[in-house]
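The chain below stands alone, shown as structure tokens; this is the form predicted on its own.
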């Protein structure tokens, strides 16, 4: 039987009593899925998973995405997107600057991701302390706390989500490699509700983010910019946030409808960080 221990923040819970390297029976899986819907981010400590086991457990939730940037995936595993600062043979083994801005994974897709499953292989350590925390914010709690006037402004309003705008944003480092024409064609700008309904819980979720949302449709440019900036500041307030301090073997699942996240980039080589992510396919927001 699993044990679910809430984090004490607006979201997040720790789950013990299950070894994800082994088949998970239906009753246990339902308890895990229920915990994800309730707590929005769930953490399984001290897991030891092969790539095959990571993928196999992930597929219990549904179909997996193959990331657009296959050059940043684990060789031979198109479902495993690598997030790492490690350089081998003069090339990065994964995405070196993922998570610089608050975002929800694949929010720019026609069918944004349902969730992400992230496994920690190597964690940067300094003076015996882990670096590279991840911040998660609850978009359900953030929406509930909005003033009524803002809720009326957002009611049934669409927002523009642009992968290209997010990809080309300045990240205080070397510019990213240019996207090919084929890559750009795969990710056109997309209109989604600024507030979406969670398909499992029915709760309202803010669905705009500083990384990829560029416009609120139907508002004048200045008003759109002002409202978005206010929302971006609102959603990252401490009262909505859970900060995860990583340990090797941590396996996290987060809900991409109900949350946003951002990396804390407070480390650099020779401190090594290596993580791998599978991404669940989702459905069109409503």
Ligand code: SIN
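Residue numbers count along the first chain shown, from 1. None of these values were measured; they are calculated from a predicted model.
Not on display, but discussed next: the form predicted in complex with the ligand.
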property: Location of the ligand contact in the predicted complex, chosen stretch of 34-42, 213-221, 256-264, 229-237 [non-hydrogen atom, 4.5 Å]; result: 256-264
property: Residue (of 123, 98, 160, 187) lying close to the ligand in the predicted complex, criterion heavy atoms within 4.5 Å; result: 98
property: In the predicted complex, the residue from 146, 154, 109, 83 that sits within 4.5 Å of the ligand by heavy atoms; result: 83
property: 114, 196 and 207 each touching the ligand in the predicted complex (heavy atom, 4.5 Å); result: no
property: Contact label in the predicted complex: residue 119 to the ligand, heavy atom within 4.5 Å; result: no
property: is_contact(residue 134, the ligand) in the predicted complex, heavy atom dist at most 4.5 Å; result: yes
property: Contact of residue 103 with the ligand in the predicted complex (heavy atom, 4.5 Å); result: yes
